[in-house]
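Below you'll find only one chain, the form predicted on its own, shown as structure tokens.
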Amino acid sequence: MWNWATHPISGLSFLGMVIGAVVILLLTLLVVMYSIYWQRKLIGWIQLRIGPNRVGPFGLFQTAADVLKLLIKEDVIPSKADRVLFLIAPILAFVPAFTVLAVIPMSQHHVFTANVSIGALFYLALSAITIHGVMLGGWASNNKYALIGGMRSAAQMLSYEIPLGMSVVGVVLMAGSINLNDIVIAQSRSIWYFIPQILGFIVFMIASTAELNRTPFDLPEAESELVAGYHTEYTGFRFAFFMLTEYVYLFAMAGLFATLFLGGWSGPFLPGWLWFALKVFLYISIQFWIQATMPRMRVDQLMTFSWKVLLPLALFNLVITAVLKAVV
């Protein structure tokens, strides 16, 4: 716990925190913008289409034009919606998704991020708050499709958080620390953990896809069933907030994946931040590839797969890791 008596925050250190937060926010917005562009391009190529190619050279400004369009659209609030909760929900969903980026070690020196001793726990605890924003958005809209989407999202994210957390615990056992930077350093001294933790690696990939509500686990916003799911009634910049949350969370999950299983910023020859960027790009590209190739699961299949397949696998990986750690 921070001791305010012995370690008061000076005006200069507070200014540094603000600058760091602004830099990370701008970086995140840039990553989100071109993640969407890359998604549309990659899926277009897989489906033998061209993708964005009109706005700017090679269509590079298409996402910026779409964001501008959303920002100037009319902000509509349904007359029978719970106005206060309806307005709060997008913010409650976005803030945790952005805040978890503060503990992801994007480089060896933590220039704009915090080296928190409980980084992995901080990430898992804070990211769970996003569920409340999604659920509130669905309920406050007073729309049956939005409510079903919110309920699906709550059930799905709670179910898949358990195997996701257990896969993280396996890495923590190997590194002997819950500090994300210590986990990267431990991998740089031995081997990236996706090899000894291959089972945890697979569980993490599947569970994180479900946590992000991405195909084939995109039941909360299944367009063919629920129009747009929990954000059906949202328009303009509030709808943009939900979309921003989705892709910020994708960036954050990619950063956690790179940190836990691919050695984070560690790697030969290239600068640490570039290694981190390449690993994040790999995870994001895999998610888009899955989206373009896999069909959506049924709700019953989704829940059954979590509790009857992923959870036993995560427990087995945890037991094996603990035994090997004790013996070796």
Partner chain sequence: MFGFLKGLGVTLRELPKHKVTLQYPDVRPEWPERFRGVHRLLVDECIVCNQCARICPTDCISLSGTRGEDKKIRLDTFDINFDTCILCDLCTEVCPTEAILMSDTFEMAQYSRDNLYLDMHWLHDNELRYERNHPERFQKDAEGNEATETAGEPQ
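Because the structure is a prediction, the values reported are computed rather than measured. Positions refer to the first chain, counted from 1.
Heads up, the form predicted in complex with the partner chain isn't pictured, but that's what we're talking about next.
Contact here is defined as any heavy atom lying within 4.5 Å of the partner chain in the model of the complex, and by that definition not a single one of 28, 33 and 273 is a contact residue.
In the model of the complex, no heavy atom of residue 58 sits within 4.5 Å of the partner chain.
The closest heavy atom approach of residue 292 to the partner chain in the model of the complex falls within 4.5 Å. In the model of the complex, the partner chain lies within 4.5 Å of some heavy atom of residue 42. For the chain shown alone, residue 49 is a contact residue for the partner chain in the model of the complex, at least one non-hydrogen atom being within 4.5 angstroms. This chain is displayed without the partner chain, yet in the model of the complex the stretch 292 to 300 from 292 to 300, 255 to 263, 58 to 66, 274 to 282 comes within 4.5 Å of it by heavy atoms.
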